[in-house]
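Next comes just one chain, in structure tokens: the form predicted on its own.
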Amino acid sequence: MERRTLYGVGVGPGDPRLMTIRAGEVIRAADVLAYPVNRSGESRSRSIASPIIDGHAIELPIHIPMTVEREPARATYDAAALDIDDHLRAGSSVAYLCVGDPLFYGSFMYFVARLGESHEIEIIPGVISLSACAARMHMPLGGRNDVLSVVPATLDEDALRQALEQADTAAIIKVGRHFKKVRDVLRAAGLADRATILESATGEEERVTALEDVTQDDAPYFSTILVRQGELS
């Protein structure tokens, strides 16, 4: 561990045993642990890492607003970057905990943009939710000339439809309140019976359900829908 270094640490999708050895080393040694928290003050990334957090580090929870508008989040990242900068300039090492991988739809990218030119940064890759979901389903994400599409559920219906048309395997992420829209698009494309929704893959709350067996019109934020169109042979 280097002092004055900012570490982006991927803690994996949910099961603490899927953290890498390097992630464990950094978390145990860091002077400051930063992590995003939701409006209820809960942090999934800290929860995953909790078995190896021993209490010696200063903890820096970062309340990131989950809104469509970008300005509230930008203001939060600006303020948090200043806090992290203070710790780094004081000679501390800072580890920012990220669910999955720090640079795969992760908030750490915004701190790289704000602090990358003034501080040393090391990124510790992590197991992403797509890999965890595919493992649970025994479903290959791609092979040979397959096209894999990672599709945010936040897209509009036309964009979702186009992304699905071009993919042999599609992983639809950030499902949450967009579940009904996604299910309607999949049904219209004749793909609903090929789709499975996985909630909190590898975590204690994990649930795997065929899409057409889901009765509600929303889903937890940490949900992924896998759709395989290509045949295996």
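All residue numbers are counted from 1 along the displayed sequence. Keep in mind that this is a model prediction, so the values were computed, not measured.
Beyond what is shown, the protein has a form predicted in complex with a further copy of the same chain; the following relates to that form.
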With heavy atoms only and a cut-off of 4.5 Å, decide whether residue 74 touches a further copy of the same chain in the predicted complex. yes
Answer yes if any heavy atom of residue 50 is within 4.5 Å of a heavy atom of a further copy of the same chain in the predicted complex; otherwise answer no. no
Does a further copy of the same chain come within 4.5 Å of any heavy atom of residue 149 in the predicted complex? yes
Look up in the predicted complex whether residue 162 has a non-hydrogen atom within 4.5 angstroms of a further copy of the same chain, and give yes or no. yes
From first to last in sequence, which residues of 124-143 have any non-hydrogen atom within 4.5 angstroms of a further copy of the same chain in the predicted complex? 124, 125, 126, 127, 128, 131, 132, 134, 135, 138, 139, 140, 141, 142, 143
